[in-house]
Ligand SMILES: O=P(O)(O)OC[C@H]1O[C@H](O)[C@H](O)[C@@H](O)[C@@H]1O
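In the form predicted on its own, a lone chain appears below as structure tokens.
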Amino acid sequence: MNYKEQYEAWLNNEYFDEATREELMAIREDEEEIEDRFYRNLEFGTAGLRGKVGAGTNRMNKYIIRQATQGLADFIVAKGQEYMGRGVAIAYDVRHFSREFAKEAALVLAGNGIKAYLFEDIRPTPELSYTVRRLQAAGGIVVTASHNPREYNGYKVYWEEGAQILSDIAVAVEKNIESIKDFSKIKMIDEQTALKQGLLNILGQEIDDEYLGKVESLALRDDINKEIKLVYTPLNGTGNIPVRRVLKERGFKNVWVVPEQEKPDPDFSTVGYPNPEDTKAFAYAEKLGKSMDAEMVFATDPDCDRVACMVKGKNGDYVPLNGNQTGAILIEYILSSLREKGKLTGNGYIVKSIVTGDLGKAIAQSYGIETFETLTGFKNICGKVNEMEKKCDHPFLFGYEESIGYVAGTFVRDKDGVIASMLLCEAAAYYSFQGKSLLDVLEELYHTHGYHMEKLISLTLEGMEGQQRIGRMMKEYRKNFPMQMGDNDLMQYIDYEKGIRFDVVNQKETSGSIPVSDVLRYFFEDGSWYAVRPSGTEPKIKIYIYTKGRSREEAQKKITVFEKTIMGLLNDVE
């Protein structure tokens, strides 16, 4: 069916409730809105579902949640009674309809004879990962749109190791979802029946206590300045209680929380776009930080799987650290602390994504620690940990990506804003004890390993036309890319979609051991490189530029050359 036929089918189907049909009637004269809501089905990929809340096939609503959960249930049922009995853990964040969507998912699972473990209230996403492992559940679901604007919600699926599903499971679940043409065939029971039959189980404080105890077990030092002044904002999300509790139990005495952003708010009224990567999200935290003379202000995103910080500079203003910089500082802090305690073994390893910078890798190498690279996303980073666990007993030390996601320890298989907040505050307190800020530490790392500069450019292209243009951009760039950036020669490139690595100098193409994804990476003679990829969760094409120089100024000049050249080519694609 085309989008108009899909619209009419929903409008006239009595399975959908009156509120849904009224919402659809209200857009009857808006052809563009109808097209956007029905031109496709919201795609279920390895990131699950994510989209604007509303009626339609290309929107997040209870019917799409039911359909997706039935697809997952069919996959679990096919694996047999053991997986059905192990069940699925479910958590949710503060967003509009998150609680309702989570309960819908639980009752569909129960309707299929699969045990569901539903948290009593909002919880950070990483706690769900822990819970899947703790309960030895078959899988997990988190209802969240992470850092997206308030109009969005999402649905992420985890498997038994506690990591997000990879493509092998995602493809099978997606096929099941696509086979569900009649929503009325979805199996579902009511809440009281599910409770009575033991198919719906409510989770609470016991899991919280265990999870937070595990987080605190990752603490590395007590020779730290516990008087350090810190300002924290959970951006009205799920981090408020767990992050504050961990810091309090670790002995931090001066932690102030932004009052306007302390409590859950699905509208994110004071911030709009609740993404800590965007320094505008720190406006309230900076103001409070200055009034309290805080050494660092930090923020977690609404589902508390990511964290970012700003550090007080010499002039009293706050300087933001990006994900690459924060990751590098944490790697230095973790590895130096482990080595000092005699706990750093040569067979340990860290994992980063292919679009994450190389400063952390250089630091790890200086400690004799190997770095593995994976495709973007913590499903791949933690997927590598799962893979290594089956092969050997080498200790996993740290995983991170440039988009402010980090994890340590092995009890969570996803990025964890609670763990990262504790380690970040601990690092700031340790270096403060030595009379240094995190900015001083970063400068020392640059001096030792070279100035690694970076810039992320995101082009937002909404709707069907935007998606098509992004596709054309990727297609054209594969055929027409620069062989030089100034006087910097291209040495090799990798096309992950085609699975090839091309040595420009020797004109030699190789393949194999390259994971498949729509990503292009280009490497230059001075160690600089860049990548181009469409976002997997947002209507964006992203350009990651990384340069290396003997000074900050040299590396920044290269950024300017790269950006002008790359964007000139991409903007020419209509």
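When you see a residue number, it is the position in the sequence shown, counting from 1. For clarity, every value in this text was computed on a predicted model and none was experimentally measured.
Heads up, the form predicted together with this ligand isn't pictured, but that's what we're talking about next.
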Are 46, 415 and 533 jointly within 4.5 Å of this ligand in the predicted bound form, each by at least one heavy atom? yes
Partner-free chain; cross-checking this ligand in the predicted bound form, the single residue of 432, 376, 322, 176 with a heavy atom within 4.5 Å is 376
In the predicted bound form, the residue from 240, 98, 403, 326 with a non-hydrogen atom within 4.5 Å of this ligand is 403
Residue 452: heavy atom within 4.5 Å of this ligand in the predicted bound form? no
Should residue 544 be classed as touching this ligand in the predicted bound form when contacts are defined as heavy atoms within 4.5 Å? yes
Do residue 528 and this ligand share at least one heavy atom pair within 4.5 Å in the predicted bound form? no
Is residue 123 close enough to this ligand in the predicted bound form to count, meaning some heavy atom within 4.5 Å? no
Of 36-44, 535-543, 501-509, 516-524, the segment with heavy atoms within 4.5 Å of this ligand in the predicted bound form is residues 535-543
Which residues in 296-335 have a heavy atom within 4.5 Å of this ligand in the predicted bound form? 306
A 3 angstroms or greater change in CA distance between residue 46 and residue 179 is reported in the predicted bound form. Closer or farther than in this form? farther
Closer or farther: how do the Cα atoms of residue 179 and residue 45 compare in the predicted bound form relative to this form, given a change of at least 3 Å? farther
